[in-house]
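Below sits a lone chain in structure tokens, taken as the form predicted alone.
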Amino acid sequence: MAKGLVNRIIPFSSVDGPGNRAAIFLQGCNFNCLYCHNPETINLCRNCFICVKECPYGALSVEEGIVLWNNNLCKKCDICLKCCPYHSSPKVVAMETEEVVTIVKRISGFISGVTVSGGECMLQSEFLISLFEKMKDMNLTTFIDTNGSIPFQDNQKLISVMDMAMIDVKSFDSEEHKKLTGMDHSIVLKNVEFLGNIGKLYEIRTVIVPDILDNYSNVDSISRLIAKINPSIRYKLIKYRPLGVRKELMESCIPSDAMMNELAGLSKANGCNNVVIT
């Protein structure tokens, strides 16, 4: 039975794909984005015990050198996440496919599908396949929220059980992308073209970060690529917001509405038919 390292499950989400969806966040990411809004999903717990000492409710303990989390005692204060120096979480749970299925079954009558995110969920593709096969048996749609760094073309089994993907294109410039994430973007762009051409790309997202990224050049190039592949692919322009981010790594401000509207207008002028600002 496949197992996935699950950071958290949100039963009802209206922002992780179309309709009302269950959003499953897996632990572990191969990017280290300067503006990451979920840095606690990047690494696995190193069992340093710092969080155990800081937890005010006794929800964390140590057994045989491993940090254990007691969900019944946890008050969701997230002090453990804030004090972790390694961008991790002690609340990650290794769950078998059937355990996740049991949770989804309870809410299946109220959702249209599931979206698996992260971290980077493609690092656990065997779990994705196992889970999506079960979701298909429940007539639920299956979406992946990914940074696009792992080739989809090499995983036809996953493609067959996945309805759609949502990909972050963080920068169109290779060097800027490396500076922002620590990795090249060549596979990201190949995934965009591959999934777009087979009709399995629901959305591309770009975070707009004033004074740090060349936002106008990025949006210009990315929107032209979308228009070339399929103008109906949704292009979501996301305002950078300094909430939950590691401010010691990057200082920026929230882009103005005027800037966002200008970038949306540029995307539409380049041929994108479905542009969203959030």
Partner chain sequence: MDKVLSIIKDNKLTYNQKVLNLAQAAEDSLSVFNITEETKEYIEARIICDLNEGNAPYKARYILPDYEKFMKNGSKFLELEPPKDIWEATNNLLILYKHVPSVTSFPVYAGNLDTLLEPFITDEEEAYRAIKLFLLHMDRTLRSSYCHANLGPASTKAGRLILKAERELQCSTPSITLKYNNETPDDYAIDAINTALITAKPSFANHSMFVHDFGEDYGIASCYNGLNIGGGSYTLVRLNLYFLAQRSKGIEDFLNNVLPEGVVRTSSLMDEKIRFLVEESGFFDTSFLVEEGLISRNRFTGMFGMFGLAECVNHLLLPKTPEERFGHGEEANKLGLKIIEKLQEEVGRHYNKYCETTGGNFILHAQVGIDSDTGISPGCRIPIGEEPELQEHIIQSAVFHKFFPSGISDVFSFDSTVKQNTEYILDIIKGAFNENMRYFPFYSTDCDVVRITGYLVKRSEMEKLDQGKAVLVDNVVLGLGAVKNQKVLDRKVR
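Positions refer to the first chain, counted from 1. Keep in mind that this is a model prediction, so the values were computed, not measured.
We do not show the form predicted in complex with its partner chain, though everything after this point is about it.
Checking Ser112, Ser186, Asn197, Ser160 against its partner chain in the predicted complex, a heavy atom within 4.5 Å turns up for just one residue: Ser112.
Partner contacts here mean any heavy atom within 4.5 Å of its partner chain in the predicted complex, and among 99 to 107, 152 to 160, 76 to 84, 169 to 177 they occur only in 99 to 107. Not displayed here, its partner chain is kept clear of Pro255 by more than 4.5 Å at the level of heavy atoms in the predicted complex. Using a 4.5 angstroms limit between non-hydrogen atoms, Asn261 is distant from its partner chain in the predicted complex.
Though the partner is left out of this view, Ile277 does reach within 4.5 Å of its partner chain in the predicted complex, counting heavy atoms only.
Gly19 belongs to the set of residues with a heavy atom inside 4.5 Å of its partner chain in the predicted complex. In this stretch, 137 to 152, not one residue has a heavy atom within 4.5 Å of its partner chain in the predicted complex; the partner itself is omitted from this view.
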